[in-house]
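Encoded as structure tokens, the following chain is the form predicted on its own, with no partner shown.
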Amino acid sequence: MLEVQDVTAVYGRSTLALQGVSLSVPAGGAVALLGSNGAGKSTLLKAISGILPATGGSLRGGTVRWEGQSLKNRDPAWIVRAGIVQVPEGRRVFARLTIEENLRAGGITCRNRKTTAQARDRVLALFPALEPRLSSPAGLLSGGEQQMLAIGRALMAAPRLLMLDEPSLGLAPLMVRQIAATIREIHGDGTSVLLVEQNAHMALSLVDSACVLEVGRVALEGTARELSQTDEIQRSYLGHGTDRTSA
């Protein structure tokens, strides 16, 4: 479905952000991108969604293909209409617009009223807490509610691949569990998922496979089960020490 092959990206003239990164997301699959701050995770999502140039970045090598079609130089709106939608880091809701208006903005690329209505119904079924407050400004929502709205706004475009950038960032543990359950349900309904997370425990519980980025390169990759059992993941991302010395 999505094929990223040997992608190299820079910011400005020389700041190297990605170096030969490859990954794939199969139809109906769920893949996680793990890594510390500055590893290049968000840059890769921007390269896929076509917004890298808007943030001062550019691709210097490699290919990004969606169902065999190159996404190079594609307009971001075309990419959304093709089925790839990103939930940005930090939620980025339109604070002065109402919840209803935020949802409407998310569905702006949809030209079919029936599809838009179905997407709205799906969002409100996933996030029933939003429905009584549809006329409220999004800026009055809590952080967790804003994350719900950000995901809901993305779902209004009826994505076939949903890319989420740090959806658990800054949220209380209870809300993290709720967001994780929602992502699991979205994936269970057939939407492919590409999940960027520093919360490796959460991410590996939701996906089939994962890549670990370090300084713009793929350092580890494999199934979620394989990676969760490696010493490096245990030590660096799951907070478990590994002592293999004999007593």
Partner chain sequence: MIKFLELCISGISLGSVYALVAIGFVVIFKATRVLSLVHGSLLLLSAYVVARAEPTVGFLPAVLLGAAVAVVGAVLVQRVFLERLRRRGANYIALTMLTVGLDIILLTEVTRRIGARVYGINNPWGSEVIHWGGFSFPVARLAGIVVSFSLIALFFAAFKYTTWGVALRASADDSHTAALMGIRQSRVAGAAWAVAGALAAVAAVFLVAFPAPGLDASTSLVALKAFPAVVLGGLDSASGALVGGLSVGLVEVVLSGYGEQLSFLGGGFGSVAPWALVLLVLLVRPSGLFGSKEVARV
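In this text the structure is predicted, and so the values were computed from the model without any measurement. Residue numbers count along the first chain shown, from 1.
Beyond what is shown, the protein has a form predicted together with its partner chain; the following relates to that form.
S.K.: Mind telling me which stretch in 186 to 194, 50 to 58, 22 to 30, 64 to 72 gets its heavy atoms within 4.5 Å of its partner chain in the model of the complex?
M.R.: Partner-contacting stretch among the options: 50 to 58.
S.K.: Could you check which residue among A117, A129, I108, L140 gets a heavy atom within 4.5 Å of its partner chain in the model of the complex?
M.R.: Looking at A117, A129, I108, L140 one by one, just I108 meets the 4.5 Å heavy-atom criterion.
S.K.: Does its partner chain come within 4.5 Å of any heavy atom of Q147 in the model of the complex?
M.R.: Result no; Q147 lies far from its partner chain in the model of the complex.
S.K.: Using a 4.5 angstroms cut-off on non-hydrogen atoms, would R133 count as touching its partner chain in the model of the complex?
M.R.: Close contact is absent here: in the model of the complex, R133 is far from its partner chain, nothing within 4.5 Å, heavy atoms only.
S.K.: Does any heavy atom of A158 come within 4.5 Å of a heavy atom of its partner chain in the model of the complex?
M.R.: Looking in the model of the complex, residue contacts with its partner chain do not include A158, since no heavy atom lies within 4.5 Å.
S.K.: Is R122 close to its partner chain in the model of the complex, meaning a heavy atom pair under 4.5 Å apart or at it?
M.R.: Looking in the model of the complex, residue contacts with its partner chain do not include R122, since no heavy atom lies within 4.5 Å.
S.K.: Check each residue of 52 to 84 against its partner chain in the model of the complex and list those with a heavy atom within 4.5 Å, in sequence order.
M.R.: A54, T55, D75, P76, A77, W78, V80, R81 sit within 4.5 Å of the partner.
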